[in-house]
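Read the single chain below, which is given as structure tokens and is the form predicted on its own.
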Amino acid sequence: MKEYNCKKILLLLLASMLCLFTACGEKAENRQKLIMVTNATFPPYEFYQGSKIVGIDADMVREIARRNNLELIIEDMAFDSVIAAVQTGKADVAASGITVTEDRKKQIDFTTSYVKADQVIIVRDGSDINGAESLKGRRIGVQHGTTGDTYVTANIGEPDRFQDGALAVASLATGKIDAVVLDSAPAQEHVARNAGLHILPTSLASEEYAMAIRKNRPELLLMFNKTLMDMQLDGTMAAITAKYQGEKTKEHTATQSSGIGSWLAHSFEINFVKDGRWKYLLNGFLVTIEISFCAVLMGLAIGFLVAVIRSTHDQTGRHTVLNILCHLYLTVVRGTPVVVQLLIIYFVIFAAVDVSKVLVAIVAFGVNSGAYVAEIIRSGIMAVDHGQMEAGRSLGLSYGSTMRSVILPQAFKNVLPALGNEFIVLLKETSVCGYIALQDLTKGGDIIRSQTYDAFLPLIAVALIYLIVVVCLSQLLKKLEIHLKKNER
């Protein structure tokens, strides 16, 4: 009697999602804004000062926007995503200490270069590494996707790749690697904040920095080049560069020789109290919870529909076409990493739509979770004795009514531990949101680390917050499981 209910619900859900995307999005070409993407862990070119992204690149683009009456929006994302954001139209310009190379010129246009930089080697004091020749066979750290990465791979060997320079330098300071190859200006900043490190006098290679602009935006490229020339002629560019190159850090973490208590107190103050840096964790935590909660609901809705369709097909042979589509969905989603799905949804599916990044994350994680939830629920349905269905039908109930009133309640109790585990996994998977410039909990810890150059406390704080949330969620699920078992008596 209710044979087509699943089809109707599925179509209604898809139509609602389509309307939501249409309402939230607008074409990027219609906005009167200038969107800049960067990786704000690269001082003195881009870094956080309080809640604001500052630095040579950031201030230059700020001045360009001011002179051309544009509203500037700066988004912080993983370095290996900034060029993709420009290519797909998600951003107008990328400024993140980007080196001009022939390969990159094939994909994007570059403005006139504004900085010449060198690739240098950072080593620990007392190291026997004294030049490029000494790097053979050593463990070398680089920031993924940078010129240092390219140079070391081509000329020395396979390096240890890190998400940012701060992590690479932290690994060097703790003896995990033997050297770090990095751009000269950020290398000086890192060495100034880490006692026991120094830069070798010989550079590996020279390069030029420029800003990246999409190839079909000649008017934007012309505007940038003209304004950059004006800024160079009137001294603005030199003043911005001198401002940040002249600033030397005074934040040094207390050494453990002064006592573990003093060291922890000083580190806590620097990492969380000073400049209200604890707010990065709080704001990131709220974003993580928002994405996780909404994605869980979406995953449950998708998983429930797919499970019912597949189990109905297995038991009755109906919904053949829908079953094929569900099987294809499960194969694709479970066969690809969630970070790849997130990037595809943001850079490909919504390439021409200015949609909320939180919504993109919810859709990506919801769709991903739905595939796993579907198989969990389907296993619960198939585990219920077939006699239960026969008993319901013999009492005059329809297939749909028997499924809702008899089968699904038993299946839900059977799979509750597995569902809880899936929700916990989903919560932790949201840590890759930084790839699309979302400041989640993990990204909040990265921002603190990029300012203080202390890897220990920010990472421990992030891990503890995740652990507390997971423990609370596990306890709630345990109580729910006990309550459902009581009802069976």
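Just so it is clear, the model here is predicted, and its values are computed rather than measured. One-based numbering along the sequence shown.
A second form of this protein, the form predicted in complex with arginine, is not displayed here; the remarks below concern that form.
Heavy atom within 4.5 Å of arginine in the predicted bound form: which of S96, T227, S81, S311? Comparing distances to arginine in the predicted bound form, the residue within 4.5 Å is S96.
Residue among N194, N271, S292, T147 with a heavy atom within 4.5 Å of arginine in the predicted bound form: Contact check passes for T147.
Non-hydrogen atoms within 4.5 angstroms of arginine in the predicted bound form: do N39, F42 and Y209 all have one? Every residue of the candidate spot has a heavy atom within 4.5 Å of arginine in the predicted bound form.
Taking arginine as it sits in the predicted bound form, is Q143 in contact with it (heavy atom to heavy atom, 4.5 Å or less)? Result yes; Q143 sits at the interface with arginine in the predicted bound form.
Please run the contact check for E46 against arginine in the predicted bound form: heavy atoms, 4.5 angstroms, yes or no? Yes, E46 lies within 4.5 Å of arginine in the predicted bound form.
In the predicted bound form, does D183 come within 4.5 Å of arginine, counting heavy atoms only? Judged by the heavy-atom cut-off of 4.5 Å, D183 is in contact with arginine in the predicted bound form.
R138 within 4.5 Å of arginine in the predicted bound form, heavy atoms: Taking the distances in the predicted bound form, the answer for R138 is no, it never comes within 4.5 Å of arginine.
Interface segment, criterion being heavy atoms within 4.5 Å of arginine in the predicted bound form, picked from 367-375, 394-402, 97-105, 341-349: Partner-contacting stretch among the options: 97-105.
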